[in-house]
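Only one chain is shown below, in structure tokens, and it's the form predicted on its own.
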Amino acid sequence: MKKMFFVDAGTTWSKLVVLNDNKEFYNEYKNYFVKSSDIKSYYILPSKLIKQMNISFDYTTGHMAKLKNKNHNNHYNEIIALANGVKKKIENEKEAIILDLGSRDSKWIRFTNGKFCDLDWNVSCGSSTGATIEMLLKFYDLKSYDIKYQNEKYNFTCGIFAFEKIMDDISHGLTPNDAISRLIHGIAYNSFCFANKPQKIYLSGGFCNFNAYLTSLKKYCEVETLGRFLLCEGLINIQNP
């Protein structure tokens, strides 16, 4: 069977699903292998590798992948990929809000009675999303599992101001763990408000694996995680409706 590549290439990390994977590809990129299911193999790799890979992708989303697409007609807007990835999962829901929180932006889409009806996309300030958290964790030599939920949160409208607050509080004796936890709680609350305060959020993206964020968000609404490969699954659904 033909091998096919579906990639969601973000700013920092790219999610790749390979249909009909083979040992040759796995052997070269096994350090980035996540799981396999049926004929699908799943990989998460640094986006800088996308440009270096000697591969032309079949279906793509995300600005980092378009130039590597075999056919530019098969490059899709992230909202289109997200909507196609989630549609089957929420087709019986009267109302569903899907939030995708990425490295530098956040976006949500709303389905009513199984039909796409609304969206919003925040690309004006990515300083309080994934990339900033990764930089803070690296700077303070912490892992995501080191950050535990705190009831307190930083109230902010700009990630730069939140970053300044973190540095100031740490200089006055607050631990980096607690300061970052308060930022995470603030991001969760902002996510909830950005999505118009729904009763339930279907969450997509890397924050699905961040317990401090999930615990914070669950304080405000019900949360169901959809993982990091939802946009890739959307591309697969586009290719094979």
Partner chain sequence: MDKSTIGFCGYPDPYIINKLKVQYPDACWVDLDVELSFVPDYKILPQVYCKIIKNIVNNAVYYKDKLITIIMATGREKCDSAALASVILKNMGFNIIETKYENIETIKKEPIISTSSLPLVEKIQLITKEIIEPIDKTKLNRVNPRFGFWGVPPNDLSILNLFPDDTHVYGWTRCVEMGVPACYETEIMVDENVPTVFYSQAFCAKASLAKYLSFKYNGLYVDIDDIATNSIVAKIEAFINLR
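Positions refer to the first chain, counted from 1. Remember, predicted model here, so these are calculated numbers, not experimental data.
Not pictured, yet referred to below: the form predicted together with its partner chain.
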Requested in this report: Name the residue from Leu99, Ala162, Ala83, Leu136 that puts a heavy atom within 4.5 Å of its partner chain in the model of the complex.
Outcome: Ala83
Query raised in the report: From the list Asp146, Glu95, Asp169, Asp120, which entry has a heavy atom within 4.5 Å of its partner chain in the model of the complex?
Result: Asp120
Query raised in the report: Is Ala131 one of the residues lying within 4.5 Å of its partner chain in the model of the complex, judged by heavy atom distances?
Result: no
Query raised in the report: Is Tyr140 a contact residue for its partner chain in the model of the complex, using a 4.5 Å heavy atom cut-off?
Result: no
**Report entry** is_contact(Asn77, its partner chain) in the model of the complex, heavy atom dist at most 4.5 Å
**Finding:** yes
